[in-house]
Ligand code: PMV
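Take a look at this one chain, the form predicted on its own, written out in structure tokens.
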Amino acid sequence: MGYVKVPGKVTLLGEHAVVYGYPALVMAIDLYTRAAVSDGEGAVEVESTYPGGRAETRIGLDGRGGDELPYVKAAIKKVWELQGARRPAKVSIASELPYGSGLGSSASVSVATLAAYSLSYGVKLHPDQLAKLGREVEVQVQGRASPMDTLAVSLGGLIKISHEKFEVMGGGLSVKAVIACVGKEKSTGESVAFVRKRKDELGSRFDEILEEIGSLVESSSKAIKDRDLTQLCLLMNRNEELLEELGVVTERSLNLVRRARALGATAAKISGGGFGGCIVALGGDEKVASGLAAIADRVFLVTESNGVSYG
């Protein structure tokens, strides 16, 4: 019946400060979740593959089953609610995004499932709709969720987000990056709780750090509009220093950042909540990727991507 492709995302600026109302800059990347839908009988049958794993499940039209893939199940039920009917189908999902790495895997899978399964009803959802519905799926599964990830994977490109407002940034930078990932030591929720505790420990300095991170994001708007990649890199490097001061950068991630810069990256910083996960490096490309492969669990060469596409 149809096919969709949904990118992942990487955060370039604004981690943790965004939780306290400051803006963040996020970029869709060309690592994708692909989902296809075809006719089925009696249930929604799902086959899902992702780096390091594979799962199959069956979601009955009575809503039972599918708990192995909570984002997929919630997305299927969201479509039922939207369309007012329950249709059997076969849904095949293949993701290139490692789970829990900060690259938007849950947002990408949620949006891909919403888009693909809606095609079985003859409905092609608009990216704006997918961003909204995808966030609703993430809130249902996680209890709370920023609109940042689902906006990035649905709309694509570079997006500055603050509270519920967002701006799709132009500028034609065509950003290329190296992403290097290591295991997470804390979940995003645990990272946020750690930073909240640091607020008490750092006192007024905590507010100064977040305010400066917010100003870096605002400055990035001008850099993007001026197509000034060098300035964007300087802003990212300063953001990394502030995240290190917050205490969310592990020794292993710091080693990746230092190695990337030593190999010629113009910018290198963690991306996401910290305590492991991914770093993002701009400049250097293949040389940086090759050098980081020896000390990272996974390395990707990525470019800025468009949003949801239908095949």
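The numbering used is simple: start at 1 and walk along the sequence shown. This one's a predicted model, so the numbers in the text were calculated from it and none came from an experiment.
Another form exists, predicted in complex with this ligand; not displayed. Remarks below refer to it.
Practice problem: Please check if Ala296 has a heavy atom lying within 4.5 Å of any heavy atom of this ligand in the predicted complex. | Solution: Output for Ala296 is no: heavy atoms all beyond 4.5 Å of this ligand.
Quiz item: Is the gap between Val139 and this ligand in the predicted complex 4.5 Å or less for some heavy atom pair?
Solution: Result no; Val139 lies far from this ligand in the predicted complex.
Exercise. Give a yes/no on whether Met148 approaches this ligand to within 4.5 Å in the predicted complex, heavy atoms considered.
Key: Heavy-atom contact with this ligand at 4.5 Å: present for Met148.
Quiz item: Does Gly272 reach this ligand in the predicted complex, with heavy atoms at most 4.5 Å apart?
Solution: Yes.
Quiz item: Of Thr188, Gln129, Ser120, Ser219, which one comes within 4.5 Å of this ligand in the predicted complex, counting heavy atoms only?
Solution: Partner contact (heavy atom, 4.5 Å) among the options: Thr188.
Quiz item: Which one of Arg238, Lys184, Arg135, Arg198 is close to this ligand in the predicted complex, taking close to mean a heavy atom within 4.5 Å?
Solution: Answer to the contact question: Lys184.
Quiz item: Heavy atoms within 4.5 Å of this ligand in the predicted complex: which stretch among 225-233, 205-213, 75-83, 140-148?
Solution: Going by heavy atoms within 4.5 Å, the stretch is 140-148.
Practice problem: Give a yes or no on whether each residue among Lys9, His16 and Val192 has a heavy atom within 4.5 Å of this ligand in the predicted complex. | Solution: So, yes: the whole triplet contacts this ligand.
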